[in-house]
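The data below hold one chain only, encoded as structure tokens and taken in the form predicted alone.
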Amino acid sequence: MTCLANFAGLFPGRQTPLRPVGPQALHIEHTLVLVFAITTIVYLIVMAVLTVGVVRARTKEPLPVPLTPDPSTERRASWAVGIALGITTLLLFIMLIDSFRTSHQTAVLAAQPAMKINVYGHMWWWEVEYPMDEEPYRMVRTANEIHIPVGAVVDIHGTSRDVIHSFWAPNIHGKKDLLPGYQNDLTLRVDEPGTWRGQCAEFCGLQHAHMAFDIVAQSRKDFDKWYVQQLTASAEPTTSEAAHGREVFLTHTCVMCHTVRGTSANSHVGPDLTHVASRSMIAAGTLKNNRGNLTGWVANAQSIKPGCRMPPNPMPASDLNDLITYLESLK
């Protein structure tokens, strides 16, 4: 598929421009390879000429500096400099033209009908919103995971809720800055199913390095199934432990920051937790979503991600255990 396919095999593949899975990333990779090849060849030539010059200067007897320049030597030097300048100009124009071509190709999809997804950058997590058909009852909100159908054109409509962030999924597209008070669009398409990691690419504070997201490309059937499941309200507890866990959730500080549809929790300070158990990661890609990590995160997120907006939640061990049981039921 790409000219660096074999080399890209050395990388995990989930966050590298050397493993493009969409048309824009493919063009970006082409430009990357072209610029890398040209600059490498130029570097090797310059180093070879420099080496030859140094070797000759060390092996020849020093000659007196001529009082008048040799016309033939001057002509040869002028020709050499002129040819070098001509080649340099040609190579710069080649890279410039290819760069313009790539910029054009990455914008071509924007003219096509696209599925809309709103992405909001927070310190330090991603809020994802699906405004399907502009109907409030069909609105899906999730966090740090963007599910899209394979082959579908998707318009990422992004902004920031606090400081400057930058949305970057290198396997799929270039980066797009998200500025507070402004809205930027990024149109993309993924042609291969899989999970592709993205990252904030603009330094945004203490936990900038731990602000990741996943783009999950699925078949249309699987995406529709996921979407319908996300539309549902939270599941009713089926055990006494989960029921008590819901009570703990609704009577502690959790309810002040999070939403769980189907309950009285309706705050948008933190991620929507209606289907938190269906997500593969928590804390914006910092931890795998399992019981141990979820327990540590709820109890004291500051020990895992210092500076994040999630406060410690001191509570009896029995309450914490039941709360985690309830959160694990939210699939």
Partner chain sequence: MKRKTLLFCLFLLALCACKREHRVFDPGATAAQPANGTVMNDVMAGATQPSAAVPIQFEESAYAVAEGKRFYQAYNCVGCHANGGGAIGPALMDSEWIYGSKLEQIHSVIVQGRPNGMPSFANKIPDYQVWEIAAYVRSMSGQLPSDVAPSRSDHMPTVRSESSRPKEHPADENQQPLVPGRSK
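Given the structure is predicted, the values throughout are model-derived calculations rather than measurements. Numbering follows the first chain given and starts at 1.
What comes next is about the form predicted in complex with the partner chain, which is not displayed.
- With the partner omitted from this view, the residue of V46, V269, A37, V52 that lies near the partner chain in the predicted bound form is V269 [heavy atom within 4.5 Å].
- Interface residue among T251, Q183, T89, T238, judged by heavy atoms within 4.5 Å of the partner chain in the predicted bound form: T251.
- Contact check for V153: no non-hydrogen atom falls within 4.5 Å of the partner chain in the predicted bound form.
- Although the partner is absent from this view, Q302 contacts the partner chain in the predicted bound form, with a non-hydrogen atom inside 4.5 angstroms.
- In the predicted bound form, M256 approaches the partner chain with a heavy atom inside 4.5 Å.
- In the predicted bound form, the partner chain sits within 4.5 Å of a heavy atom belonging to P306.
- From the list 243-251, 71-79, 225-233, 195-203, the contact stretch for the partner chain in the predicted bound form under a 4.5 Å heavy atom rule is 243-251.
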